[in-house]
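There is one chain below, alone, in structure tokens, taken in the form predicted alone.
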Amino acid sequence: MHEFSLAVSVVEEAADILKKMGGKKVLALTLDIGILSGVSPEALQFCFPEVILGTCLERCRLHINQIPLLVYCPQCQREEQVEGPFPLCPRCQEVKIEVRKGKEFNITNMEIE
């Protein structure tokens, strides 16, 4: 489960941000996780409480926004939200599309004390 190591990285990054902002602890953390990121939100939620023990994020609430797949099709010249893990244009089935959203794995918000 690589989500455990990702959770450790998130905690380290949040702790660095907290230190730069001069806060005491992180009360809540929001992550954007794209559907193509390869990260399981459920697995991350599962291991997060263990990873934050003894850190400045102890008792931190984790919120996850799952970002859907958004592609641009040069053939149709349109952006479309795509269901499923295989990015094809839903209108013309073009495979040469540009992924505009869906690969994110970012801290987007922190509530600090």
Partner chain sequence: MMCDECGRHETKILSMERNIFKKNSDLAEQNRLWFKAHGIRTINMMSSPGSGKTTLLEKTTRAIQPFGKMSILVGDVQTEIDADRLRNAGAKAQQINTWNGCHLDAAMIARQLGNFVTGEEDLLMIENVGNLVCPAAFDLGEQYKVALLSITEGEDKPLKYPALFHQVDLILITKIDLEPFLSWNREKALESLRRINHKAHVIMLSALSGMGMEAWVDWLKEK
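Everything quoted here is computed from the prediction, not taken from an experiment. Numbering follows the first chain given and starts at 1.
Same protein, other form: the form predicted in complex with the partner chain, not shown, and the subject of what follows.
- Among heavy atoms of Gly38, some come within 4.5 Å of the partner chain in the predicted bound form.
- In the predicted bound form, the partner chain stays beyond 4.5 Å of every heavy atom belonging to Cys76.
- Put simply, Leu62 is far from the partner chain in the predicted bound form: not one heavy atom of it is within 4.5 Å.
- Although the partner is absent here, Leu88 lies within 4.5 Å of the partner chain in the predicted bound form, judged by heavy atoms.
- Interface residues of 88-111, taken as those with a heavy atom within 4.5 Å of the partner chain in the predicted bound form (partner not displayed): Leu88, Val95, Lys96, Ile97, Val99, Lys103, Phe105, Asn106, Ile107, Thr108, Asn109, Met110, Glu111, in sequence order.
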